[in-house]
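Below sits a lone chain in structure tokens, taken as the form predicted alone.
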């Protein structure tokens, strides 16, 4: 089995055995739809966006206008086509920023200006596009929100509570805060369920799949964080380990021959291939040297 194919199967396995992908519609909040770029899209910005796109987006969405996106579920689609182009700039920016399985979030990977540059590049494929008047993004609000997380046995749900720190250093429940919950997996984190908004008590509850795989004792590592794509708040995420998963005796990848950090854990097929390659190379070298010596011997006797 080839190395790339093996890595692909491992990725596929981590997704299949992990949290199920939600088939629900990806809803963008109305206030985020109305967001516009804080700068004018220019040819230089489009070139900058093209480089960012090729590095971070092409592997899934393919080249714009070529209909050669990756065969994933749900399909990433061609971002030069109508389905993507009819979205507002704010919608596209929100999706790039926050992500949604299987699309990763890029808020901590691609700088904000580069995310807008990607949108400028994509809009260059739409001759009907007219950029809305640039508008400066809202400044930092100064809000400080901290999350706490616990498991409610009576509800069989994860409860995330948001607290806001006021100027007098007192803490009050933070209502209306968007919260995302994710579970740790081999290759990063997978979102659990849909985004939730805290109620008047500052609480947001999350259900989790009954077949959620955990470690050999059923523990799973969860992280709750505030969904703040415009970085208007200072936020502190919550992490926790809870025995809510299905016990799964699955060793770490570096502890098996599936993924190796030492020669002793290298896959058998790789060791055999390497050994055979060395034998063939040395065989060719010996054959060449032997042939040269025979030629010299014949020329001497001749």
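What you are looking at is a predicted structure, and each value in this text was computed from that prediction instead of being measured. Residue numbers count along the first chain shown, from 1.
From this point on, the text means the form predicted together with heme C, which you will not see here.
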Query raised in the report: Would residue 176 show up as a contact with heme C in the predicted bound form if we use heavy atoms at 4.5 Å?
Result: no
Requested in this report: Check whether residue 183 has any heavy atom within 4.5 Å of a heavy atom of heme C in the predicted bound form, and answer yes or no.
Outcome: no
Query raised in the report: Would residue 269 count as touching heme C in the predicted bound form under a 4.5 Å heavy atom rule?
Result: no
Query raised in the report: Going by a heavy atom distance of 4.5 Å, is residue 57 a contact of heme C in the predicted bound form?
Result: yes
Query raised in the report: What stretch, of 83 to 91, 145 to 153, 189 to 197, 210 to 218, brings heavy atoms to within 4.5 Å of heme C in the predicted bound form?
Result: 83 to 91
Report summary line: With the partner omitted here, the residue among 163, 225, 95, 107 that in the predicted bound form has a heavy atom within 4.5 Å of heme C is 95
